[in-house]
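Alright, here's a single protein chain in two forms, structure 1 and structure 2, each given by itself as structure tokens.
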Structure 1
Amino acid sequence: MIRIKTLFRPLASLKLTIICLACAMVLVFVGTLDQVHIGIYEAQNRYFKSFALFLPIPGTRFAVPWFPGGYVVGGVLLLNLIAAHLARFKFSWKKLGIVVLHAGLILMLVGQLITSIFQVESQMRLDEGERKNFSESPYFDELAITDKSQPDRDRIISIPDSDLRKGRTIQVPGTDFKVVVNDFYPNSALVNPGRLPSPAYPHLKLGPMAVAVQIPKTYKQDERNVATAAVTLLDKDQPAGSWSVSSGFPQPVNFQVGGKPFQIALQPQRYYQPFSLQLLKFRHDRYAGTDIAKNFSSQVRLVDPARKEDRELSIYMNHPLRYAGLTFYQAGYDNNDRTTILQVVQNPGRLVPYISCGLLVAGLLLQFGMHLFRFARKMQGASASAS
């Protein structure tokens, strides 16, 4: 036991705790300022969901780390807290409240790590009367190849946009297909061919009325990058077709290989579910005489054949739908109040913050209660002695 305490003593330093807290304050301060330029999502990835902050070297493609990221700061702080208990703490019932309090702190850090790694966010846009069994990522795209040869179901093979790089050849899982990426624009603008500065201006042709030109990536909260790719599909190393596809023009391209019908499209990454939601009615209430939103809600129909679910329900502000490990929040609306936008969140650590906060409150109440009880007994004893 003494050896364990000696081993953990350097990591249990109070100075290390202060350094970690100071680094966390710097991250929060700099990340908050930078989110004005790069948006909340990118700021979270750069400052809090990273191991280090990197400084690019001018004139090169390299960057050097200059400050620890959120994973390093949080991880060291977690180890510091655990090591402090192992190296210094001696358990007694008088300190039970402190034990519970620190258990809540440790659980909160672990819960934040679980959420950061495993949480998946997407959106489901539904027009009135429309039914969907999938949501779409607001940040990522996918190259989807759909096998439509089966009459009762489609087989969809997805290649994430992170794998699409110019000159790369990708083996399509479970098939004899290979995808050759001839060119790839992470963000592009779709324009009429007549608006090009010259016919030789770099572009990808999407059709007779539209071409894509590359533009810098956007990090604005209300804008989305429009990826465009030029790909060639190989069947058993023989060309089956070449196309330019764009997430800003997600109409699938039909083609055939060996007499079987297929489709290919570059589209927002989809998350399919074994159940569907249908928007029955969207309601947007305003305060009388103003355009200020008072409430907006979606009346939806949930159908899940596997669980024999078929019911209607409402999703509105502060009243999400929780079903099958997913949470559907009312996030927005569009199309003159005929389209609802639901934020879909899958977070396996959803309950951890509630549990950790409960432990924190219990630890504080227990510790202060025990002190109060001992103080009352001491005062009672003093009063008895005086009388």
Structure 2
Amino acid sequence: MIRIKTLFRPLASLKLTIICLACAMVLVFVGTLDQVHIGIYEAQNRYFKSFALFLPIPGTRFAVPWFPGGYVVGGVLLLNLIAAHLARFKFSWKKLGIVVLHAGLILMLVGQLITSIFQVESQMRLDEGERKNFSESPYFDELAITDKSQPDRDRIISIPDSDLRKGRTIQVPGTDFKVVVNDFYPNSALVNPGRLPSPAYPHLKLGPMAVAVQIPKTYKQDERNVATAAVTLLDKDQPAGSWSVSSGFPQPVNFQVGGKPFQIALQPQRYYQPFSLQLLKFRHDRYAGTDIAKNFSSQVRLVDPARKEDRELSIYMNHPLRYAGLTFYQAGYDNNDRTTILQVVQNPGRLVPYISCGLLVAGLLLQFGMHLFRFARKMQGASASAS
């Protein structure tokens, strides 16, 4: 019994709260500064969606943790909050605001955890007239093997790029295939073979006019890593073919196994949906006499055979489409205003921040409102007694 208490008291202490908040400030500050070098996405992974910040030891492959990451700070703060409420707060009307406020905070931390685990962000690029039933990851690639033997539908099996590592052999799920990764470049540049410094310079051949050479990974916001892999496919442990594929080289490779047609490609990771969107018209309005964008809007057609939906709608700034648990936002444009880029977000915890925010604000207003009221009464009393 005593043991639990000795453990519980420091966990519930106000000092720990302040230490956590201070750690959070350091984390946010350093994580913001580092965005200049590694971009927002990587900074999120290293600082906020991590358990610790690591400092690499020069000359070795090891790194030492030197500061708690976002998960640790947020987690400890969460435990601290809960413990504090259990240990110290007894309900009274006077403290209702504080309790509501902290309940909101707890919910918000939990919500952020849900979001950071379950949220999926992808993008859908549509040229005018084009129709798609999938969106693509802006960060990740996949090795996709497509079974083209059925006349009406393709069967696609994909392996995420995080599994692709040089020298690895991967069992392709649901088939007798195995993939041997002969080589893998996380980022590469596609060049003409004639532009190689020497014929012996390490490269992977993609076609007669294109080879891939390895380049350092990019963290810039407007650039994407182009992965390239050299793979050998084994069918029942017998080689069926060897190819080089790259996510920057859109042509899939056709091959046959046992008379059945297949395709293999390294492509941005796809998220298929049971419905499709078609871009009818993209508009990019500018203010008169300037290049300043006034509005972007995409006129799209939504077709969902399962739900018997077939309708036109428009997506523009601050006016997304919410459909089937996904939200489509107008994110960008390309190709002389003939291509739209829609941000596609799936977040099951989408409503949590709204509820927690409501609680937070209500708690704050309640607490400070009561304060102000009491203070005003006190001042009134003071001035009355003075006169």
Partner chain sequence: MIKKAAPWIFVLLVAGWLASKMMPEKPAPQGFNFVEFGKLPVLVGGRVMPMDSVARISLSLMNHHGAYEPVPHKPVPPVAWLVNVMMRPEEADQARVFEIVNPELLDLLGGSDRQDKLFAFNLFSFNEFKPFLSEIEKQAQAAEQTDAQTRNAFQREIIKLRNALLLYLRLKNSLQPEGSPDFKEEIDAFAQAVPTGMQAIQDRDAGKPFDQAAFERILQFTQRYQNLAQARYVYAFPDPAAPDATGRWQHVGEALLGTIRTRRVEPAVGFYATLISAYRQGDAAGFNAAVSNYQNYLRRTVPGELNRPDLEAWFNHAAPFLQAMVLYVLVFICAVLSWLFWPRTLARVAGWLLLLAFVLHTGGLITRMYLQGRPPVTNLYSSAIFVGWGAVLLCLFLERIYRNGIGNVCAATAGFVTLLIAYNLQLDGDTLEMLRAVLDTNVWLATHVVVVALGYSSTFLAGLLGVIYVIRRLFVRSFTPELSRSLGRMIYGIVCFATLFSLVGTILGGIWADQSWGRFWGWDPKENGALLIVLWNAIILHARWGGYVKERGIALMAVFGNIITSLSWFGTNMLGVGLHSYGFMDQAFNVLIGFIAGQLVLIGIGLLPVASRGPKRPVAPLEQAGQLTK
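Bear in mind the structure is a predicted one, so any value in this text is a computation, not a measurement. Rigid core (definition): largest C-alpha set, two forms, superposition within 1.5 Å. Structure 1's sequence is the ruler for residue numbers, which start at 1.
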Looking at both forms of the chain, which one is the form predicted alone?
1
Large Cα move at L14 between structure 1 and structure 2, threshold 2 Å, rigid core:
no
Honestly, after the rigid core fit, is V26 moving at least 2 Å at Cα between structure 1 and structure 2?
no
CA of A362, rigid core aligned, shift of 2 Å or more between structure 1 and structure 2:
yes
Could the core-superposed CA displacement of R374 between structure 1 and structure 2 be given in angstrom, to one decimal?
8.4
